[in-house]
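Quick setup: one chain, the form predicted on its own, written in structure tokens, and binding and motion questions come after.
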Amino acid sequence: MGSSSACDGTLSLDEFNASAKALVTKWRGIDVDALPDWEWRPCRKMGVPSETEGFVALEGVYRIRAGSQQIEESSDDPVPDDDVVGHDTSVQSSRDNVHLYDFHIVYSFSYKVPVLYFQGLQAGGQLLTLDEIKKDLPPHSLQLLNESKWTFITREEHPHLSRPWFTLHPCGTSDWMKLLLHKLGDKDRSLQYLPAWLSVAGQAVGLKIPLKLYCSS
């Protein structure tokens, strides 16, 4: 078998699957208090889970905006309770400031790289627009989106859910991943691909990625 395709900044499907499972395992070992766990989701074909295709999901991330301050929490954490708020107007204000986000990492067969799909919802279940999502992002994420030629948001059909989701376009991913991974050996390069990729892709959508995730172990 030849060297890892990650040498040129891309991944094979098998390498993506291995790196995805390594990401899931490592994330759980880090114990990220403010976020739920990434989970491997097998794709279903004719109602049967696929043994070779799937995606990684991080779902139920609350973002609570207090003025200009944005707070990120797991959906398992408590959200503002009606019983502890004195007035209906305050209750409505609290609900309006709570948004729920889902993130999926999907393999692109066209670009041979991972692609981040995401969506945000209001407390009542309505999908957020891109402008509303940008209001939830911290300043460094907005700066990255505005200044980097490699990170821009589009809206495309989720390849496994057949519904439109926002996504970070993958056109330049292999170029910047080649730069990130050039110091790693072949084995480390493929397994560390998703943690390294997430350190950049996560910044663009306001996900706080612990440094330990990117460190080899």
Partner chain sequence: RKVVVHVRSAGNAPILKQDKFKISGRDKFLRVIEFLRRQLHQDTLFVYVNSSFSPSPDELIIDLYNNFAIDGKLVVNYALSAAWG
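Residue numbers count along the first chain shown, from 1. Note that the structure is predicted; figures quoted are calculated from it, not measured.
We do not show the form predicted in complex with its partner chain, though everything after this point is about it.
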Given 35-43, 160-168, 175-183, 56-64, the stretch touching its partner chain in the predicted complex at heavy atoms within 4.5 Å is 175-183
Give a yes or no on whether every one of Asn17, Ala22 and Trp27 sits within 4.5 angstroms of its partner chain in the predicted complex by heavy atom. no
When the contact criterion is heavy atoms within 4.5 Å, does Asp131 count as touching its partner chain in the predicted complex? no
Given that its partner chain is not shown alongside this chain, does Lys149 nevertheless sit within 4.5 Å of it in the predicted complex, heavy atom to heavy atom? yes
4.5 Å heavy atom contact, Gln143 and its partner chain in the predicted complex: yes
Partner proximity in the predicted complex: Ser12 to its partner chain, non-hydrogen atom cutoff 4.5 Å: no
Looking in the predicted complex, the residues of 192-211 with a heavy atom no more than 4.5 Å from its partner chain, listed in order, are Ala196, Ser199, Val200, Gln203, Lys208, Ile209, Leu211
